[in-house]
Ligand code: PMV
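Below sits a lone chain in structure tokens, taken as the form predicted on its own.
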Amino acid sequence: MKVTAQAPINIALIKYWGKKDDVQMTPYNDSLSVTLDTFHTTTTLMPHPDHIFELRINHQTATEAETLKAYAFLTQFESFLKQPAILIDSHNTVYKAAGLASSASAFAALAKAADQYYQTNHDLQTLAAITRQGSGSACRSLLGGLVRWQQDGLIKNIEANTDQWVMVFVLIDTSEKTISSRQAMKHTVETSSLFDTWVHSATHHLDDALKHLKQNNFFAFGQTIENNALLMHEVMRAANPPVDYFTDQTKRVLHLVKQLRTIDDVPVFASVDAGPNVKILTKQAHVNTLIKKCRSMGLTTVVTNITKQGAKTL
């Protein structure tokens, strides 16, 4: 038997940063993400010809730590320990551990494939609870479009007019981060003087974002998501010692976004996750203007579109 599943990445527009429950992997605050095409993970599960457990990522045998994590993850499927001799062949089109949501697509694809391979056929919320054990935000990649991940762990779609939305990735540094998202998140929760402010503010940001979506007010929505992202990084910098993913190039891109919006009246809004790379939300009509400006600065861009399709078997 062979099962293949594919899952797209998702990018949080209203961020979650901090787990309230490290066992259930649930967040301090609700988050809102958008599921994107272009970057995804395709994972195949099959019996191993040598009767061992092996994880391959992009044609290479995974590290011991990655293999152990995948093994532990699959123990959540009841039949796994009866059939542990499998080959997991995973292909990722997104740069690994660079703040571009590679773990989200990876674990969503693995969960989706395992659910069929071991014939558990879990409902959405049960599969979401399993998926977030690999990476909290991975549960959001099970669904397409706009996804709300709640404090209680449940995920659901949010209806909105996103037909013209485009997210442009500005790739500043695609190498692996020196401090992982998980490490930075835990450190921030434990030491940042602004963490309580973050939880309170992020909750209000989500309320505002949902209101703006209902009103179809793209500009106000964009300003809200940018404020949310910048606050998250301010909270990280208030940790002891500080965590700062921004580079000079990150700051240049953020300045460009502000300039395009305030001087050129182009609706562009920045979002930055745990890494230096910037994601810019805009509408299709303004993509060429944005890309031209980025190229004039010597920056590499990738255009991604919103997809209605979450994780699926192929």
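Residues carry their position along the shown sequence, with the first being 1. Keep in mind that what you see is a predicted model, and the values were worked out from it rather than measured.
A second form of this protein, the form predicted together with this ligand, is not displayed here; the remarks below concern that form.
Student: Do Thr224 and this ligand share at least one heavy atom pair within 4.5 Å in the predicted complex?
Tutor: Result no; Thr224 lies far from this ligand in the predicted complex.
Student: Please run the contact check for Val253 against this ligand in the predicted complex: heavy atoms, 4.5 angstroms, yes or no?
Tutor: Flag for Val253 set to no.
Student: Is the gap between Leu127 and this ligand in the predicted complex 4.5 Å or less for some heavy atom pair?
Tutor: Leu127: no contact with this ligand in the predicted complex.
Student: In the predicted complex, is there a heavy atom of this ligand that lies within 4.5 Å of any heavy atom of Met185, even though the partner is absent here?
Tutor: Yes, Met185 is a contact residue.
Student: If contact means any heavy atom within 4.5 Å, which of 271-279, 35-43, 50-58, 254-262 contacts this ligand in the predicted complex?
Tutor: Answer to the contact question: 271-279.
Student: Could you work out which of Gln76, Ser181, Gln133, Ser90 is the residue within 4.5 angstroms of this ligand in the predicted complex, going by heavy atoms?
Tutor: Residue within 4.5 Å of the partner: Ser181.
Student: Spell it out for me: taking this ligand in the predicted complex, does every residue among Thr26, Ala109 and Ser141 have a heavy atom no farther than 4.5 Å from it?
Tutor: Contact check failed for every one of Thr26, Ala109 and Ser141.
Student: Going through 1-23, which residues have a heavy atom within 4.5 Å of this ligand in the predicted complex? Please give them in sequence order.
Tutor: Contacts from 1-23: Ala12, Lys15, Tyr16, Trp17.
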